[in-house]
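Below you'll find only one chain, the form predicted alone, shown as structure tokens.
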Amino acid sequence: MFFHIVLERNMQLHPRHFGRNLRDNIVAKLMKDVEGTCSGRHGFVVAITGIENIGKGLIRDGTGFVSFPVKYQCVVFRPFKGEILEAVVTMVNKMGFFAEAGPVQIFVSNHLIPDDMEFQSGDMPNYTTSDGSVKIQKDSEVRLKIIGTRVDATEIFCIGTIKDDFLGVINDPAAA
């Protein structure tokens, strides 16, 4: 799920960046350092939407760097247990398959795939129904439900299922 939140960060800036465009340099460094990162507490920072406040700089002893407290608004993505997501399958093996929904990697075990789907090995491993009408393979789009998350300091891992109503393949690249 996406959230719009306010975060704070101390930005260290070298004196060569001081001058007329100091604010622009702080904002550019903030975007470079923060966008695309993951914190276990807030989730993945998708984009910075605005700067609320840049405080007075504090000179760091011995280095010449200046530390600026910056308060900024950003959009974050954090998946929750029970959430329904659409994801793209990245790898299929006999244990299940991995899918990606934005920056989050989700594993769906073969125990959480409907019983009528069998693993087919070969040059393009996949899970196929007995009548061959539905196929899950690399680059397939699936709708899945997150049943568990594990949060590390810099990453979020999820376990998903497609063994529920209205879940499963929504777009098969092989059929196109």
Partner chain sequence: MEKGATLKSKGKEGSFKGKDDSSIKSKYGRKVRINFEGPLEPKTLSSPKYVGKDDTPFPKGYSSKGGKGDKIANGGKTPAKEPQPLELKIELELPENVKCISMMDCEAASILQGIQDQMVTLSKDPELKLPVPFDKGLQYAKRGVHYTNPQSVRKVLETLTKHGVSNSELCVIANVGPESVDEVFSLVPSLKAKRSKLSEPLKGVLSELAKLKESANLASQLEEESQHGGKSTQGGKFT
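Positions refer to the first chain, counted from 1. Everything numeric in this text was worked out from a predicted model, so none of it was measured. In this text, the rigid core denotes the largest set of C-alpha atoms whose superposition between the two forms falls within 1.5 Å.
The discussion below concerns the form predicted in complex with its partner chain, not included here.
- Only one of I51, V46, I26, V66 comes within 4.5 Å of its partner chain in the predicted complex through a heavy atom, and that residue is V46.
- In the predicted complex, at least one heavy atom of G148 sits within 4.5 Å of a heavy atom of its partner chain.
- Its partner chain is not shown here, and in the predicted complex it never comes within 4.5 Å of any heavy atom of K135.
- In the predicted complex, its partner chain sits beyond 4.5 Å of every heavy atom of G55.
- Put simply, F18 is far from its partner chain in the predicted complex: not one heavy atom of it is within 4.5 Å.
- Taking its partner chain as positioned in the predicted complex, the residues of 1-24 that bring a heavy atom within 4.5 Å of it are, in sequence order, M1, F2, F3, H4, I5, V6.
- Once both forms are fitted on their core, a CA shift of 2 Å or more is seen for K29 between the shown form and the other one.
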